[in-house]
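The form predicted alone is given below as one chain in structure tokens.
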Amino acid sequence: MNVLLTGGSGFIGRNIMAALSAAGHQVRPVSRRSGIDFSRLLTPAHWLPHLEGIDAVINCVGIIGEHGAQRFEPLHTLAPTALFRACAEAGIRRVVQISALGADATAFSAYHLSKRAADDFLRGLDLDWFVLRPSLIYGRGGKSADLFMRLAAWPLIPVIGDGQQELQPVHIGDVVATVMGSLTSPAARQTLDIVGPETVTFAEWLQRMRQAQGLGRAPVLPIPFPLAMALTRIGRHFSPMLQPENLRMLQTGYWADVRPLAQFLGRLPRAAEPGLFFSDVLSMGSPS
């Protein structure tokens, strides 16, 4: 299968590309690394030349925070909707959109709203689409996972409020396995939440990350939410991840029913074990 993959240089994209190549698919990457500015491809006419000879499209472009020329609307909404329209014009029926858990009717952040706009547009087209909404993804090379891993190694672990925000982290291997299944599944036109099999609190998740590094449990340092918000307004100038809206999303917590995903995969997603924190598709082999 000839697959156009957008965002192939990112954490999710790199792992998808490895799995596609291992499965014998031909990949046509669209990313800054391949010399293409995704944010400038804003009409179907811009996309049609890239779609010649393509059998399926996977869009996994995403940013967690705006910085410089990287803005939510062109990257999450305008360019993807132009791509999806071009797929409909070119007769490319299989389209896989990587969205995010929380990009639904409850969305309040610019991140989630921009993702949901593209999701809704794709769902309105006569295509064999999949909208995949991953939870917090962990595994080797993930920026958010690396940030939390560093926090977990501190002798006093900082948490927001009481640290009881509920999460369902999912390993990158299960995200990729879902994408690979979406390419060939006859049961298209699905929105799937990609979540782990267990709901854990943010504080407990950091303790598990600490354990994975061979460290014992550590006391936590509760940071009141207003103070944490004030700190992110400073931190956002040093890292695009340290945005006030990202903190609000973490404070909200996100979880979903794992059973639809388990039914689609034919198994439960992986439970979080220490070794998984340092693994990805390349180190584990092709996902199944």
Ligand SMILES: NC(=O)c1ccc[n+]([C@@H]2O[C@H](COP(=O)([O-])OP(=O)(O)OC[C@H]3O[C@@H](n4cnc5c(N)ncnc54)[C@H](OP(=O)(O)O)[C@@H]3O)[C@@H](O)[C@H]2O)c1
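These numbers were taken from a predicted model, which means no experiment stands behind them. For every residue, the number given is its place in the sequence shown, counted from 1.
One more form of this protein, predicted in complex with the named molecule, exists but is not displayed; see below.
By the criterion of a heavy atom within 4.5 Å, I36 is counted among the residues contacting the named molecule in the model of the complex. For H171, no non-hydrogen atom is located within 4.5 Å of the named molecule in the model of the complex, even though that partner is not displayed.
Proximity of S144 to the named molecule in the model of the complex falls within the 4.5 Å heavy atom cutoff. When the named molecule is considered in the model of the complex, R233 lies well away from it, no heavy atom lying within 4.5 Å. At a distance of at most 4.5 angstroms from the named molecule in the model of the complex, none of the three residues M17, F130 and G181 contributes a non-hydrogen atom.
Proximity to the named molecule in the model of the complex, defined as a heavy atom within 4.5 Å, singles out one entry of A56, C60, M249, L261, which is C60. You can rule out all but one of 159-167, 134-142, 198-206, 182-190: in the model of the complex, only 134-142 has residues with a heavy atom within 4.5 Å of the named molecule. Contact annotation for 94-109: residues with any non-hydrogen atom within 4.5 angstroms of the named molecule in the model of the complex are I98, S99, A100, listed in sequence order.
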